[in-house]
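So this first bit is one chain, no partners, the form predicted alone, shown in C-alpha cells.
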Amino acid sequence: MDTINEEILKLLQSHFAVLNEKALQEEIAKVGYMMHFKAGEVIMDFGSYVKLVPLLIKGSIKVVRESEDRDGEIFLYFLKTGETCSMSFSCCMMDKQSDIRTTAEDDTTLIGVPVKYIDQWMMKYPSWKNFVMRSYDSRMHELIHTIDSIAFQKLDERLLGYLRQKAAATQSKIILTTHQHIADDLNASREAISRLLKNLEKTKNIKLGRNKIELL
C-alpha cells in the first residue's frame, strides 16, 4: 500500500487550498511525484503523450502552441503557483499527443499526478471536479485574451502585455530573456521586436539591458 508523502501533503495544503478534502489530499500525497526543473528546461514537448498532470508549487511555466504546419509556435499563457495546465487534462483524457510545449520560466517545482487518477477523481471528489472546471474556465479566458490581442492589438501593445504577463508570472520586474525569444513567442521578427523594445524604452515603459528587460 502506498504511503503518504508528508512533504507533498504539506505543500498541497499550503498552495492548493481549493483541494480541501482530506481523502483527496492523502491520495495525491500517495501517488504524486515531486519534480524539479531548471529555468529554460522543457517539461512537456510537442508530440509527447501526457503521463502526468502538473500541480505547480513554485516557479512559473510558459505554455506555447505549435502551428498546424509545424513551422512556428505562438505563446498562449503562463502558469503560476497554485495552478495547473488544463490543456494537459484534455490530452490525457483523450490519449492524444500534445500540441503544446511547456517550459520552466524560472526554477520550478511541481507535483506530478499520474493521468490514470484524473478521471477517477472527477467522480469521487467534488473539490477536484471544481478545481478542474475552474482551471478550464481560467485558461479559456486567457486564450480568448490571446486571440483578441492577436486580432485587435498592434504588435507594440501585444509586446507590452506579454512583458507584463511574464513579470507577473515570475514575480519580478527584471525579465531575463532575449529579443529572439520574445520574437518566437509572439511569432514576429527579431528586428521588429528590437525596434519596438527601443520605442518602449524611449517612452519609459521599460529599461533595456544585456539579455534582460526591466519593466518600469
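Numbering starts at 1 and follows the sequence shown. Predicted model, so just to flag it, every value in this text is computed and none were measured.
Below, we refer to the form predicted in complex with the DNA, which is not included among the displayed structures.
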Exercise. Quick one: in the model of the complex, does every one of Asn187, Ala192 and Lys198 get a heavy atom within 4.5 Å of the DNA?
Worked result: yes
Exercise. Thinking of the DNA in the model of the complex, which stretch from 159-167, 29-37, 56-64, 174-182 has heavy atoms inside 4.5 Å of it?
Worked result: 174-182
For this session: Please check if Thr3 has a heavy atom lying within 4.5 Å of any heavy atom of the DNA in the model of the complex.
Result: no
Exercise. Would Leu208 sit within 4.5 Å of the DNA in the model of the complex, counting heavy atoms only?
Worked result: yes
Exercise. Could you tell me if Ile150 has a non-hydrogen atom within 4.5 Å of the DNA in the model of the complex?
Worked result: no
Problem set entry | Non-hydrogen atom contact Leu155 with the DNA in the model of the complex at 4.5 angstroms | yes
